[in-house]
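Here you get one chain, nothing else, as structure tokens; it is the form predicted alone.
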Amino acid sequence: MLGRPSISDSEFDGMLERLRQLEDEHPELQSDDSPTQRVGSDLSHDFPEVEHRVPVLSLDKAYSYDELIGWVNRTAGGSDAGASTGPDAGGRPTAATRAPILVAEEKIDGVSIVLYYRDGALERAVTRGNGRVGNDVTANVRTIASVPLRLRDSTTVAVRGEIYLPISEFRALNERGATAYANPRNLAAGSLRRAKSAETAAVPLTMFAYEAYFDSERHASHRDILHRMIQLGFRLNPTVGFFSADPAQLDGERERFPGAVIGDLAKLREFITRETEERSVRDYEIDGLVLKLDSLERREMLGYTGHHPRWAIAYKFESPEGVTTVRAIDVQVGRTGRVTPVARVEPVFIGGTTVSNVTLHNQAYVDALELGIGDIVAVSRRGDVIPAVERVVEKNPESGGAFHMPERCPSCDSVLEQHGAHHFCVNYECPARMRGQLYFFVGRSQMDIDSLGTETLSLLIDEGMVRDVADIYDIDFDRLREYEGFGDRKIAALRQSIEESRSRPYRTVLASLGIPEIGPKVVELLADAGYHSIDDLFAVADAGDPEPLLAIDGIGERTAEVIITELSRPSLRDLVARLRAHRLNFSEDGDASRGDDGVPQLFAGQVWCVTGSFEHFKPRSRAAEQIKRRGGRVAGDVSGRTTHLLAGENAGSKLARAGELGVEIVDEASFLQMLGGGKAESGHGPD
């Protein structure tokens, strides 16, 4: 863990070669965690989608020290942190009454990864993806030397980490390679998705672990989890800080974390200043710091929003800047009606990316800058990602002052309304809003109508064939033949994609409608609280009482009010009725024998697990949808409650575990037969 090898490189190479010879002679003795497996394979890999079993959310962000301290005061010092819960039964102060401890860690600019270990062995490595579903890149991650293939204890745990390419290695690769890469992060991300793991092995990637979720072990603090990860063999970033208003609580931590900075909250500011200054001398890229509450009890009290945990925040460093000229300021209308000004600037290269468009957020943001067309401005990439105008360097004397939002919607000419800091077009039939809703509805993270891309959808909208999402299911495919590029094959693929989308589960359909405040997280909260159909939600809206919604942990007053208002809209009810007529799922509680769409509930009472890669179900979440549509439940892992395992190619350890537990194993061909005559009813059958 300290980076000091116990034997020489030549000794190691000799031992590795001897091990390789022994495994060649006795292949039955080779294990998945053998050091010979680090070199990778020349076999090609696809990257099947995998549902995460642990929270993989984003982080809330602070861009100044004052913002950060405001978060600290609200989160660690306020009543929300549980300071009034008192001592425990033995009279000792609980974690909720002691002075909160904050943990500060560097935010590595790499590729987020989740490592799943079962009984101490690496079972799966999954990219962050959209936070709910990621890609299985296990074969490639196995080539990374700092990723343990087997832990020092036989524990079951999920570990979050950041895979990155050291800057020195990146420069060396650029110097000797034919291709010049823009930055280490892009190269690391691309290497992790190489088709052949031997190619990944050729890139010297490494990893820092920073969070762990144990299956059976119980820990009280993040410090304990960090120390436990060290014991298990993970490589942790030695740059870490522990801070508290009562630093005496941290006595003894220097023994467990020799390089840690420990002190009171005043020391935290020194830590941030030092990290900002020393950022440029690190051999890895960092774009900020992550501040977390140490107490797991406090974390549980605070919980999560749909986007981020309430107990952690990312402090973003000031970003590199470029100077450019504002050529124009346009306004864009989003799917929710929010109207956002966008600066079109002379292209400028900042931090590895060319920036030509910069969001201006709202009128208050523009007024604070006193920004006008023709002004020379300093542009940064906040968090090294989001372009932002930081200040006006030189005013254009002919700009006429600061830009002002128009009074009317540029798309439908409706009068704009201001709510808080933002302007909105409140016309639900605004063409720009409806176009945005259509793009959102067909997206991969929503209904996933993969043959209905932006270009095709734009044509359908422009030609008047599609106006809202229900029109997608009434497309005149014969008329499409009149347009260039729409031959039989393309039309067949489009027809199949649309047909397949009819089988999407209720939760996906509801989240895909783009109703304000009803995103995937809120949909999960509503359904898990017993609202298993759109009619259940309509009944709450008709009652006009937000209390049933406020009783759901994670739904606040504003969200409840917006849900009731939106679900009361006649236009939304009409849209739902039309989509129902097209057989989309608006309930997850089917009849005992048939679902709401008439599909026999063949799998009622059964618990399925899906693993491996499939020919007719890409991504494999579509196989899970077929199971749910027929009344079955889908679990992320094989357990004593599992009744069936749907096993595709490269099924891995779940197949072995299913055999041990006597779970019925179903291959793809048999599954297709179960669905009906060798073909999925939603069009997932053989091409």
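All values derive from a computational prediction rather than experimental measurement. Residue numbers run from 1 along the displayed sequence.
One more form of this protein exists, namely the form predicted in complex with a small molecule; it is left out here, but the text below deals with it.
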*Which of these residues, 160, 573, 227, 344, gets a heavy atom within 4.5 Å of the small molecule in the model of the complex?*
160
_Among the candidates 504, 142, 435, 292, the residue which, in the model of the complex, approaches the small molecule to within 4.5 Å (heavy atoms)_ = 292
*Which single stretch, out of 52 to 60, 651 to 659, 619 to 627, 632 to 640, brings residue heavy atoms within 4.5 Å of the small molecule in the model of the complex?*
52 to 60
*asked:* Quick check on residue 108: any heavy atom within 4.5 Å of the small molecule in the model of the complex?
replied: yes
*asked:* With the partner left out here, check for me: in the model of the complex, does some heavy atom of residue 578 sit within 4.5 Å of the small molecule?
replied: no
*asked:* How about residue 309 - does it come within 4.5 Å of the small molecule in the model of the complex, if we only consider non-hydrogen atoms?
replied: yes
*Any chance residue 451 has a heavy atom within 4.5 Å of the small molecule in the model of the complex?*
no
